[in-house]
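Here you get one chain, nothing else, as structure tokens; it is the form predicted alone.
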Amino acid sequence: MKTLNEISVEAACEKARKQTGNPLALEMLFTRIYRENKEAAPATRELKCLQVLFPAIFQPIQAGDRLAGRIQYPLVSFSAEAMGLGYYCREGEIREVARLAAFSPEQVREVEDMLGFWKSESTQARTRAAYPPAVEKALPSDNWTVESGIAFPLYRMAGTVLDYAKLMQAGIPGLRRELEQRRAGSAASKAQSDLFAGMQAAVGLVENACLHYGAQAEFEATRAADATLKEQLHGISRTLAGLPHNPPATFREAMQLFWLYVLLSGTWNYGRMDVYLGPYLARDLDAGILGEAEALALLQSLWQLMHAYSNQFNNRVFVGGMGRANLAAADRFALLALEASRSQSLNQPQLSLRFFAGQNPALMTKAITSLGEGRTFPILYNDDVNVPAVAKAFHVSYEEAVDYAPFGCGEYVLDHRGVGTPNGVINLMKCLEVTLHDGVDPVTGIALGIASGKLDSLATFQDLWTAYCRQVEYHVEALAVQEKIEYEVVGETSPFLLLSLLYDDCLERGLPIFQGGVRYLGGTLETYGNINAADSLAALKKLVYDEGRYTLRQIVAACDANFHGHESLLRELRRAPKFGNDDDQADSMAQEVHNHICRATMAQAAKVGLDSYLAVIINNWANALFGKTTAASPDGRLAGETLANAINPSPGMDCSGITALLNSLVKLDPEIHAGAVQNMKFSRSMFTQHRPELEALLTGYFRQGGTQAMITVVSRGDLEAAMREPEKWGHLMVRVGGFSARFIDLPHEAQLDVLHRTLYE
């Protein structure tokens, strides 16, 4: 009888499942292979682990699929960001699986042995273990979704955007040839040669994926009774058959190769798709290989596969914007992409339209139509502002900034040239709250951050501002160090073979992406509670320091009591100037808070050795989660209520009209951060009865310096009805922040956040 080492890994996976019936068989096999290769070179270990996963975690082609490629990650695995950082282990879910499966005592011991191994060996655990004492003190917890605190680390390598144009041009054989040439190069060191060999073998996994799905498609075609389904399966098989031997020649082949490479590499963002797929679409349409309807059906199928590859925070597709070659072909694809999103009620992919003055107006016309019909796509990005802003913030040339790509919930990165994963979060409202309590968290009573002095020592507003800034900077400095440590640990642990292969300048340098290969290694810091902190500081300045109507101690005591017995003061605080009303007092304070967090973050890059480290002001319902652990605040917000969404006003506080809101938004400098989310909620009548006025409004906003707009078209009545009878409202999509979701799928706090936003009619 053959041993596991003598059987192909794919067969071993299947054998383990069939023989044991163990739902954790793949996780245990992955752990075994990792252990056997623990001391091997990182590229060798990674390759062995990838061979366990692929094609074992590929899911079958489903009826109606016009392309192949579905995936289900196991609870112990390897990825850039799909389930965790690098080598990960989902302990809680594993224990639940073992409980539900009623494991025997022996099986439980095997599970505990596996969990014990990963407790120190997972990439996240190794990162945490590398923290120096100062960072450990500043970032005591990882549980940011439930625990009260100011700052927390995140563990992922998010926002990778590969050079898909190179993938299209080279294809599988071209990548193989380039790697063979580099291995043969006289200057290649042993380490470089090993890296290139690992990449070659990883390319082999892409080829195997084509063979795997090709065989599956042919087998399913023999069983299909429906003639249309049979032909679709044969079409998938024919498409896959040529990819191992030639670069893609058709639209269908290009999409198929792109998608399989995405799944194998573990990335979740797709860059400027109209640039690298547009020429294939145009050629096929012009040659009569495809008709418009068939091309749309193919793209809709790809959209459905992206939706199944579920990550509502990513799955980003970009069309439009400056710097596109073959503009006519790119626009044909962009219009098709807009129609694919308009014609399907999906929350993924996150289709985004970059635009600039002089761009084909048909793109914006179709975008406005889609949004008006209740789709939350496309997200609108203004290149006339964003390109020069990115050049300044990232310290790169204008030509490189043209290829900026928002990812995740709205962070910017440089397409296939840079990495800027957001690996930290900070609650600025909590910073102010702790500052007002001399370094103690009033929610838990635990000392947090740095002592800022008793309230009596904050005799002037400048004293308060200085103390707040020190609190912010203390945590930002720790998060920047954490970011660099995470890159170092990941770089030592994993070359991320398929990512490195399609990233500038990894092959030229002969180095993996996170070990000196990538051209620009940057980081981003997610910031929350910015507007609450600004409005709170504005209220304190006005009522305490400028007018002397209350003492700082009185307001802090009222906040600690959640304003019980302090109702008149609460009304005063809510009447104080608020961001979003084109009010100079409120907006200037928001500018101060914005400038401080952005510049404090930027200053860390040189200190820790990154090419950039930039703040992002986004939302992924973390404003609701952070709100639950933040006490009542001097802006009039009650304890536990949601924080403001990104750089948008606090719910209901923008009461001076849409023009005033937009005037406030454009006052925040876009040249010192890496993305800021701007959500807007409109009634449907704005897009039907008043469309010319709406278009003029948006045009004016963007001309004044608006960077982007994330638009939800909905009525308050629909939202309230969906909360009462969710079973009837599965079709209702909303923008939460940097992502969209079915309204009924959101947590109650996030639903209330969307409901309470000002609706412009």
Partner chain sequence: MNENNTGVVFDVQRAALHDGPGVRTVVFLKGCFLRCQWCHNPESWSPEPEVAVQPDSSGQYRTFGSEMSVQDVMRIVLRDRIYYKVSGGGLTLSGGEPTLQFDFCRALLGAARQQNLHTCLDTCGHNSQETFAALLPLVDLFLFDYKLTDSQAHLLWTGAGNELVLSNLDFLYRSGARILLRCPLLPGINDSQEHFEAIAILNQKYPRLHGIEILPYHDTGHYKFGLLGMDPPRFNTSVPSEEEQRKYRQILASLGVQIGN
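Positions refer to the first chain, counted from 1. Everything numeric here is computed off the predicted structure, so don't read it as measured data.
This next part talks about the form predicted together with the partner chain, which is not shown.
The partner chain in the predicted bound form is approached by Ile658, whose closest heavy atom lies within 4.5 angstroms of it. Contact check for Glu727: no non-hydrogen atom falls within 4.5 Å of the partner chain in the predicted bound form. A residue is said to contact a partner when one of its heavy atoms sits within 4.5 Å of a partner heavy atom; Glu39 fails this definition for the partner chain in the predicted bound form, lying far away.
In the predicted bound form, at least one heavy atom of Ala696 sits within 4.5 Å of a heavy atom of the partner chain. The candidate spot formed by Glu180, Tyr487 and Leu498 is out of contact with the partner chain in the predicted bound form: none of the three has a heavy atom within 4.5 Å. The partner is absent here; in the predicted bound form, the one residue of Lys454, Arg571, Arg99, Lys119 having a heavy atom within 4.5 Å of the partner chain is Arg571. A heavy atom within 4.5 Å of the partner chain in the predicted bound form is found for one listed residue only; from Val275, Ala389, Met680, Leu662, this is Leu662. Partner proximity in the predicted bound form, defined as non-hydrogen atoms within 4.5 angstroms of the partner chain, places exactly one of 427-435, 120-128, 155-163, 685-693 at the interface: 685-693. Residues Arg571, Arg575, Asn581, Asp582, Asp584 are the members of 569-594 with a non-hydrogen atom no more than 4.5 angstroms from the partner chain in the predicted bound form.
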